[in-house]
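Heads up, the chain below is alone and in the form predicted alone; it's given as structure tokens.
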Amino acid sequence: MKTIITFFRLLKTAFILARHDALIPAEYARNVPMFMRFVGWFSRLFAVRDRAKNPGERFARALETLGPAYIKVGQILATRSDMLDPEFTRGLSRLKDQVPAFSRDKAVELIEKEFGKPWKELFTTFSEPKAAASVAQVHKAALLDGSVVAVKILRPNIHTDMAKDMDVLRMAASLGEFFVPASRRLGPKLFVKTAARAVMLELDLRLEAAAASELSEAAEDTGLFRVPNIHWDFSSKNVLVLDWVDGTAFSSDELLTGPKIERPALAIKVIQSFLTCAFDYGVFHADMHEGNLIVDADGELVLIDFGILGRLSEAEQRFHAEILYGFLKRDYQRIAEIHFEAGYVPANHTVEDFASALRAVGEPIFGKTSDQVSMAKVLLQLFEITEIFDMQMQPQLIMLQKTMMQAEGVARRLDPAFDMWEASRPVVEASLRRELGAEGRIADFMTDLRRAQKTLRAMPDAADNVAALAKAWAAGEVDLSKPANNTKPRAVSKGVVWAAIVAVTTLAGVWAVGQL
């Protein structure tokens, strides 16, 4: 029954897109195959007239009607004016922080239900909604001690609505893999699974508070950005209270015209703060669209909305820093070797062939600024290469790639001549000096030492087990020559057993010495 209901929701999704002339917009019909052109023509028979002229705005309004999960997709697309028609992304920009809000009265009702007391016992003032996003909205308020704060409140029924949206996206991903086999390599079902987990974590504001606290440590260490202070006593699962930030939102046109804003320097800060967090701390803000970035009166970059946090393991940090550094140095052989070492490329291919393919992508764009490079063409080439070399998309890295695209899109809007390579260089070089230099080697040695110690600590139990087995075997209670589960018999000599006993005993002795 749930599957049938989800299927009808999928049909509803297609119908809503058609009603907004957003399924295959008329403006782009000539760019699609004939069959899809026919689908677009047929869908427009159901379109309501006098919709917005901008196809991006029509698509955005359809996503707003569909729900929060769809809005998230639109927010990602809105940052890619270099890949999509700028007119289209301009229409999508309404999704960044202009989602329709629910009423102040409803917000007050939710707060009083959450804390079990009248709102005036928590705040002296509480404003109308200041900003609304896909899963929550923000009000400006003052605490009893006079502190000016931002109060973030989850949307009513958001948990139920989001679960329904994700069910539809799962079905769409499954149908896509079934009807378009070539899409399986990109792992749409795995991507939806990863996205669903991240989104559901976003629906607990206690976790967002913890994420903000974690990123604030990187902010303090690097000085590249700032995180608002959290008021833990006034925060819960459905409500988050943190310092109010006065400044200019990145989604505002004032950002592009304000005389006191140093846009090229700000663009560099956006990229470097993201890369530093990812490569040096293994944790990063994973939703860096323009609605989540502010420049304050001092010109400092401020990050807000920490509902989605990305993480990289130590190995992934190193691999991706080396890959980016390889492109900076045009060392395609090393980039290829890293892919093989990480297991991203199957061993039936050769490093040399993969290095040559990477060179074909890297050389045409090296040293060029963003306004000289079509990222759409670059990404198309990369996808073609990954298909040729049987590379599987890594679910744990999709979020990193998505956020890098967001950050680069934001930086490009600030500075059309933005040079991604030069902005990345200091961060990547510093990261590799630490990882591959003396400090990194010592850290690796200590990690290996801890692993060895953990293994040795397990030796006494292992020695007891082997000794018990040997005793039972010598007493005739166990016949090691008999097959298990009807497998072919295999003789086991006493020499092998005693050799095992001696080895375990020796290692146990080493462990014991280490404890002295």
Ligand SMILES: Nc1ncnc2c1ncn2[C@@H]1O[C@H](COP(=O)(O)OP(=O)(O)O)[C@@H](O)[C@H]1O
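Throughout, we count residues from 1 along the sequence that is shown. Every value quoted in this text rests on a predicted model; they were computed, and no experiment measured them.
The protein also exists as the form predicted in complex with the named molecule; that form is not presented, and the subsequent description refers to it.
- The shortest heavy atom separation between S273 and the named molecule in the model of the complex exceeds 4.5 Å.
- Although the partner is absent here, E408 is not a contact residue: none of its heavy atoms lies within 4.5 angstroms of the named molecule in the model of the complex.
- Using a 4.5 Å cutoff between non-hydrogen atoms, D243 counts as a contact of the named molecule in the model of the complex.
- Though the partner is left out of this view, R413 does not reach within 4.5 Å of the named molecule in the model of the complex, counting heavy atoms only.
- Remark: of stretches 300-308, 265-273, 252-260, 327-335, the one touching the named molecule in the model of the complex is 300-308 (heavy atom within 4.5 Å).
- Here is the short version: of A211, V138, I158, A218, the single residue with a heavy atom within 4.5 Å of the named molecule in the model of the complex is V138.
- Comment: the named molecule is not present in this chain, but in the model of the complex one of A196, I323, L312, A150 has a heavy atom within 4.5 Å of it, namely A150.
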